[in-house]
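What follows is a single chain, given as structure tokens, in the form predicted alone.
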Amino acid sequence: MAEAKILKAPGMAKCIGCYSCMLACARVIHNDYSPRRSAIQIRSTGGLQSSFLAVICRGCLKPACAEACPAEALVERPGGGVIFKKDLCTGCRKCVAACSVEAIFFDEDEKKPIVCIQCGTCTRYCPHQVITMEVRND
């Protein structure tokens, strides 16, 4: 069985802020055209010589979001990250508060968190290979 991969952003210096990754996640995974419904968020660092940063799930081995979920809607994924069982989610937002890198967003319309499932869809649409799926080496 292949080792599980997690999302990484090793090439942020090459990011042009096209948001293709966000749009791909929103469209393919969350069936929406709004980048706000993406589990990856690209943001400008601001200033005259602005660059971009990626707010992404780090694929924790012991995810605090899963520990905080009272409904067991988030469970540990082998190799890092979580599996999201949407039908079990009560929308309590405890996972959002528990994420140390603030990479879980909340869909106010559906009253459910927007959680990265480490599928790699975003990486396939990045024109500069800024984000990748990699085997954990730590």
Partner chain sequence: MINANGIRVLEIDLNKQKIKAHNRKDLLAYLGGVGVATKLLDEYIMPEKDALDGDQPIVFAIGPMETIFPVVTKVVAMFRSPLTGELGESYAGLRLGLAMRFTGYDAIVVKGKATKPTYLVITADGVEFKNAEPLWGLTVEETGRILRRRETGSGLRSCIRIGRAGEKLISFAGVNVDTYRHFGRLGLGAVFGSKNLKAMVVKGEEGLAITDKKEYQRVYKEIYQRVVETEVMDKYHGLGTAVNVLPLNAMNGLPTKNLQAGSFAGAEEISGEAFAKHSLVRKLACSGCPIGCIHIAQVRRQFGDHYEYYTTPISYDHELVFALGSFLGIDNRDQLLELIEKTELYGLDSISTGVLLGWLTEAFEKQLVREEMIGCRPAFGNASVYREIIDRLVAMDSDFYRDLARGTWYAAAKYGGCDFAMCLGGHEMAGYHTGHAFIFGQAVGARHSHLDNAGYSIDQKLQGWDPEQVVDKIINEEIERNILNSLVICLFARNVYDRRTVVSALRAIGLDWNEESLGELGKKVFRLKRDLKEKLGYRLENICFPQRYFETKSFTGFVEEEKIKQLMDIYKSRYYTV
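Residue numbers count along the first chain shown, from 1. In this text, all values refer to a predicted model and were calculated from it rather than measured experimentally.
From this point on, the text means the form predicted in complex with the partner chain, which you will not see here.
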Option from 56-64, 92-100, 69-77, 35-43 whose residues, in the model of the complex, bring a heavy atom within 4.5 Å of the partner chain: 35-43
Partner contact for P127 in the model of the complex: the partner chain, 4.5 angstroms, heavy atom: yes
G17 within 4.5 Å of the partner chain in the model of the complex, heavy atoms: yes
4.5 angstroms heavy atom contact with the partner chain in the model of the complex for I83: no
The partner chain contact in the model of the complex: I117, any heavy atom under 4.5 Å: no
